[in-house]
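Starting off, we have a lone chain in the form predicted on its own, written out as structure tokens.
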């Protein structure tokens, strides 16, 4: 599944894998763009898979004309060895019935590569929140049992709010309670598979609506930054670091090339 850029596979033992879920508003993918661009992470390989819709494009993190013609595909892997971070960026949707096989192959690669833990950045439909969720922060987290044992004290110190359980079938009053992430794509499948395979996984998500989701992505990376301290804030105010995230060059055309002047 994983194909390295070099002749041999990189040593990822003890690394933390950051990855998005293809979810509502593409918030996780936008957040990953910010992380890869800000940290100037190097591409170390890609996933060769039939589970994602094929795509190809120019380098989304081009910094000069010289590297703007480099090609990018639907699933690429970046790393920053100095911080023990590895990032998987997904750029296309899943082919029907292929999302679960992808999750299984991904977690198998995660174990074989020696990565210590995985953090999934995701989102969920804001209109499906319950009354309690409407009155509180839009951010939530989930930890697998094995991850909880290792980071529980740190997460408690952040005063984060865990994703609540809700009725498995909302329309039926006496249905059982379970974790539901509507609009979260593969998030729930990854979480369930990681629980059963005793993989250390954390899910960080935000309740969002479709539209201009750049502010949501900035909010999600700030949420992650409270925990991992990817970048240091300029002052004691955590919001001061927002302007330090490097916007990728590809975002200039996020909403198209603008209106033609001939229209006016």
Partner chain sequence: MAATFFGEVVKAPCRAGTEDEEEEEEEEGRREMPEDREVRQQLARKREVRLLRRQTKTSLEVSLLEKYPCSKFIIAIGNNAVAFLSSFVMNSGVWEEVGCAKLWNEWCRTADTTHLSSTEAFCGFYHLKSNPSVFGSCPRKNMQITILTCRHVTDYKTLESTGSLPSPFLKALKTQNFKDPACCPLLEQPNIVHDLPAAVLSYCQVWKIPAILYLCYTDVMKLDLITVEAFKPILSTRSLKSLVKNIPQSTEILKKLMTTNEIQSNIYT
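Numbering follows the first chain given and starts at 1. Given the structure is predicted, the values throughout are model-derived calculations rather than measurements.
As for the form predicted in complex with its partner chain, it is not shown, yet the points below apply to it.
Contact annotation for the candidate site: 166, 178 and 195 all lie away from its partner chain in the predicted complex (no heavy atom within 4.5 Å). For its partner chain in the predicted complex, the listed stretch (107 to 115, 93 to 101, 134 to 142, 158 to 166) containing residues with heavy atoms inside 4.5 Å is 93 to 101. In the predicted complex, none of the heavy atoms of residue 39 sits within 4.5 Å of a heavy atom of its partner chain.
By the criterion of a heavy atom within 4.5 Å, residue 228 is excluded from the residues contacting its partner chain in the predicted complex. In the predicted complex, its partner chain sits beyond 4.5 Å of every heavy atom of residue 16. With a 4.5 Å cutoff on heavy atoms, residue 223 does not count as touching its partner chain in the predicted complex; it lies far away. Annotation for 41 to 56: interface residues with its partner chain in the predicted complex are 46, 48, 54, 55, 56 [heavy atom within 4.5 Å].
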